[in-house]
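The chain below stands alone and is given in structure tokens; this is the form predicted alone.
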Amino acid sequence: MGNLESIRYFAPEGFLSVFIITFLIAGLLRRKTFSKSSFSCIAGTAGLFLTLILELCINTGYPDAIVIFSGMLKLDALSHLFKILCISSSILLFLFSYSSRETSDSLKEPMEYALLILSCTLGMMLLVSSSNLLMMYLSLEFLSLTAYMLTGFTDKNEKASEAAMKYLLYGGAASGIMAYGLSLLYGITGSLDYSGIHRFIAENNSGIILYISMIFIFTGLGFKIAAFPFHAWCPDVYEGALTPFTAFLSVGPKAAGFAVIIRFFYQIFTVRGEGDVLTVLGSADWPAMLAIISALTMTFGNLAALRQKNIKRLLAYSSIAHAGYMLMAAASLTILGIVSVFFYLSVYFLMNFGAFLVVIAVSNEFNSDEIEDYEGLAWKNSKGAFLASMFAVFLFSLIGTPPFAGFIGKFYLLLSILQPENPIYWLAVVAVINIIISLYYYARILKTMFLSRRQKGTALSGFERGQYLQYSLMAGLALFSIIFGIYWSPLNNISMLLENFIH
């Protein structure tokens, strides 16, 4: 489809682009107004809500995929669902920033902060729709650059500056390796479009160079989702960055990373046979590569989390482990695997954002992120009991215990690798062992909050009217974490739109 025809299908991204430019000009003209963090957060939230409405109204799942801008972007169920998840993550980032004392105390330039979040969202939207190697690389770099800047946005925290530098250096190395892999793939196939690469591989025997290019390309994609061994940036960035951005980083960019992994491997290197049976094209056994990386990622993440004393670092290693769980489904080579990744990301959106919201609330009180600060939290006062109860819901869901949504999510992931078409029994065993390991460090937090009456540290303040947004968001996320653990059909029906992703 040509450029002029494509514009009408590009409405959400087009609107967000215009909004970013308008926001920038208005901020420069009315700098005093936009210097208030509350105003910038509200304005940014409004812009993203309108973008989300456009995405919901104009792009309705695409039973038939639409390729726009001469093959650069592909609009289908995958791009539609993951864009909704990415936009929603950015909206929660604004709302979390609005309610976080850490953010309001640290931001000198709220307008620039809001602009970076909006730009990061645009990068994610373009990334999940990319169907061209060049577009995919440029979108990934656009997303990464804004994330580097947001990590070190505050100049009051040496840890943030250190984290941003590490993130940039690791990201630069991963990006260079990925670019070399993309050049190899282009050299082999002579095409940048996913469809052209798919046709070449279907008609030709590609050999070892294709496998090498896959490994190099996955270096960049694995860095984005914090998969082992490309995870080293994750704990430092999670600890050093502002907590609202840390929460966003654990969901939004991770969702975009999984979307591009699914699109890249499944649209280029698989063909659908009868029913839900998928067959790998070419000689490169990429499902085995993903399965091995999945096992290493979940095992390392869970083992490293066992000894953490900082809650943000613990959740960082937890995030690495959860990336391993989702890679397990991506390696399944089944339609259910694709469906399961989105289903679990949706559930992870609820429980991980909720967990970080509790961390923000406790950090506002104690100005610290140490696990020992949670000692006796449930017994301090009514606010402490509320925060401890909400955290318990999110932690039980992260563990994967019924009747919480995390249990259903993990059940779908395990079911996807036990399908008769392509069972991976050894990976299922590794996953179950890792789920048991994760129970220890999550339960340690619960023990600290509920089984200790020492009430260590500073007294907890009472409920404050100005924080009702924070409490409401927390309760809403917890409620949906329970609802989708009992009645998950609506979320399952939405996820099943991905059944026709591979034609």
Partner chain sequence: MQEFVMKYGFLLLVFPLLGAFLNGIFGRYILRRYGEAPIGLLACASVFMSFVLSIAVFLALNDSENGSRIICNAYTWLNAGNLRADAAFLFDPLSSIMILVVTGVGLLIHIYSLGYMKGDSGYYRFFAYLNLFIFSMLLLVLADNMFLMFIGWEGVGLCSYLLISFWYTEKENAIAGNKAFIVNRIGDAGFLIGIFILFWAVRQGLAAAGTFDTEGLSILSFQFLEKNISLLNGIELYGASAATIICLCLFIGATGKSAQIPLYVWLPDAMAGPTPVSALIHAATMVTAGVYMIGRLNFLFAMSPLALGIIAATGAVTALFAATIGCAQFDIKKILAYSTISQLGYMFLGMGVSAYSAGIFHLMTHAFFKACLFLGAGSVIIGMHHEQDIRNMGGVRKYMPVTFAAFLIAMLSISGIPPLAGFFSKDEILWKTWESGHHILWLTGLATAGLTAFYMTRLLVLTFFGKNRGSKKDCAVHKIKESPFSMTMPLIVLALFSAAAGFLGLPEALGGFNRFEFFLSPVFGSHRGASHESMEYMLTAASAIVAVIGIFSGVFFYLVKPELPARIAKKIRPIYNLIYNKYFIDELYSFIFVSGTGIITAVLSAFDRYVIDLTVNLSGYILRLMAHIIDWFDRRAVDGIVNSAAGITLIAGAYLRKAQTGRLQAYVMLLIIALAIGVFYKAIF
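What you see is a predicted model, and the numbers here were worked out from it, not measured in a lab. Residue numbers count along the first chain shown, from 1.
Here the subject shifts to the form predicted in complex with the partner chain, a form of this protein not shown in this document.
If we take heavy atoms and a 4.5 Å cut-off, which stretch out of 368-376, 93-101, 353-361, 216-224 is in contact with the partner chain in the predicted bound form?
Partner-contacting stretch among the options: 216-224.
Look up in the predicted bound form whether V271 has a non-hydrogen atom within 4.5 angstroms of the partner chain, and give yes or no.
No, V271 stays farther than 4.5 Å from the partner chain in the predicted bound form.
Would R30 count as a contact of the partner chain in the predicted bound form, using a 4.5 angstroms cut-off between non-hydrogen atoms?
Although the partner chain is absent here, R30 would stay clear of it in the predicted bound form, with no heavy atoms inside 4.5 Å.
Can you check whether L497 is within 4.5 Å of the partner chain in the predicted bound form, heavy atom basis?
So L497 does not count as contacting the partner chain.
Does H231 reach the partner chain in the predicted bound form if we count a contact as any heavy atom within 4.5 Å?
Taking the distances in the predicted bound form, the answer for H231 is yes, it comes within 4.5 Å of the partner chain.
Quick one: from I87, L387, I399, L249, grab the residue that has a heavy atom within 4.5 Å of the partner chain in the predicted bound form.
Exactly one residue meets the criterion: I399.
Note which of W488, F15, F480, Y9 lies within 4.5 Å of the partner chain in the predicted bound form, where distance is taken over heavy atoms; exactly one does.
If I apply the 4.5 Å criterion carefully, the residue I get is W488.
Would you check whether the partner chain, in the predicted bound form, lies within 4.5 angstroms of a non-hydrogen atom from each of F300, L439 and F450?
So, yes: the whole triplet contacts the partner chain.
Can you tell me which bits of 397-423 touch the partner chain in the predicted bound form, meaning any heavy atom within 4.5 Å?
The stretch 397-423, when checked against the partner chain in the predicted bound form, contributes I399, T401, P402, F407, F411, Y412, L414, L415, L418, Q419, P420 at the 4.5 Å heavy-atom cut-off.
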